[in-house]
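In the form predicted on its own, a lone chain appears below as structure tokens.
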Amino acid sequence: MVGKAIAGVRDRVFLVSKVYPHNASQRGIPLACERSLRRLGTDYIDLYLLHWRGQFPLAETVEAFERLRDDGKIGRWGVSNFDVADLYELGPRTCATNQVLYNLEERGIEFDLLPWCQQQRMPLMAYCPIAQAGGLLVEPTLKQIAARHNVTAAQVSLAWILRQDGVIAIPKAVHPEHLQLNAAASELKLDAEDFQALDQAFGAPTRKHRLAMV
């Protein structure tokens, strides 16, 4: 489906894909990448991510990623669902990003992971930025703030995430109007009153939390 969507406009698309941990070996990664390239109908992937940690040593996975980059199959590589300890073990590599679960209901990364990534100038990619089941979007405080700004609750959620330096949000979009609303959220400026109300409704972490993921 993605391959059909990008046909004819590949040069205008930043294409991200992932490799499963059971394929994250020196032999497995190139094979998995080739399968993805065939399905996508392209000859390179802009950003290739390790879905989560698995059985293979990180050094082996990184070596395979670097070889793909040298061969022109990928532009950059990164990781997903890595906590601070995982990133420390990864070491001073050329990791492009860490993709993790982050939204108003899941703020655990603010205690240590997000500050660490910002200090290292590693972009953090927030998946499920408006949560999954939709319950977040009917939360009273969020709805009140949305009404005050004449926007949607989803846009408030995205604007709240995008306020952070070096944070990218990747919300789901089913219809073209969703894409337009998501894009407009980057222009929404929340004020101090909004942030205070959201902190009261969705408290910031005061201790280390186990990294949440879906």
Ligand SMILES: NC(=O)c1ccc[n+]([C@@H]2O[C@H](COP(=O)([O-])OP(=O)(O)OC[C@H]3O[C@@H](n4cnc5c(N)ncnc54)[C@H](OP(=O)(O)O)[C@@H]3O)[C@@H](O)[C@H]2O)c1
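The first residue of the shown sequence is 1; numbering continues from there. Please read these numbers as outputs of a predicted model, since none were measured by experiment.
Beyond the structure shown, there is the form predicted together with this ligand, which is absent from this document and is the topic of what follows.
Worksheet item: Looking at 39 to 47, 179 to 187, 24 to 32, 57 to 65, which one sits within 4.5 Å of this ligand in the predicted bound form if you count heavy atoms only?
Response: So the stretch in question is 179 to 187.
Discussion item. Counting only non-hydrogen atoms and a 4.5 Å threshold, tell me whether A159, Q164 and A204 all contact this ligand in the predicted bound form.
Written reply: No, none of the three is in contact.
Item to complete: State yes or no: in the predicted bound form, is some non-hydrogen atom of M122 no more than 4.5 angstroms from a non-hydrogen atom of this ligand?
Response: M122 lies outside the contact set for this ligand.
Practice prompt. Determine whether any heavy atom of Q132 comes within 4.5 Å of a heavy atom of this ligand in the predicted bound form, and answer yes or no.
Written response: Contact check for Q132: yes, within 4.5 Å of this ligand in the predicted bound form.
Item to complete: Consider A5 of the chain shown here, and say whether it contacts this ligand in the predicted bound form, taking contact as heavy atoms within 4.5 Å.
Response: Heavy-atom contact with this ligand at 4.5 Å: absent for A5.
Worksheet item: Is Y127 close enough to this ligand in the predicted bound form to count, meaning some heavy atom within 4.5 Å?
Response: Close contact exists here: in the predicted bound form, Y127 approaches this ligand to within 4.5 Å, heavy atoms only.
Worksheet item: Is any part of 11 to 29 within 4.5 angstroms of this ligand in the predicted bound form by a non-hydrogen atom, and which residues would that be?
Response: Sequence-ordered list has one entry, K18.
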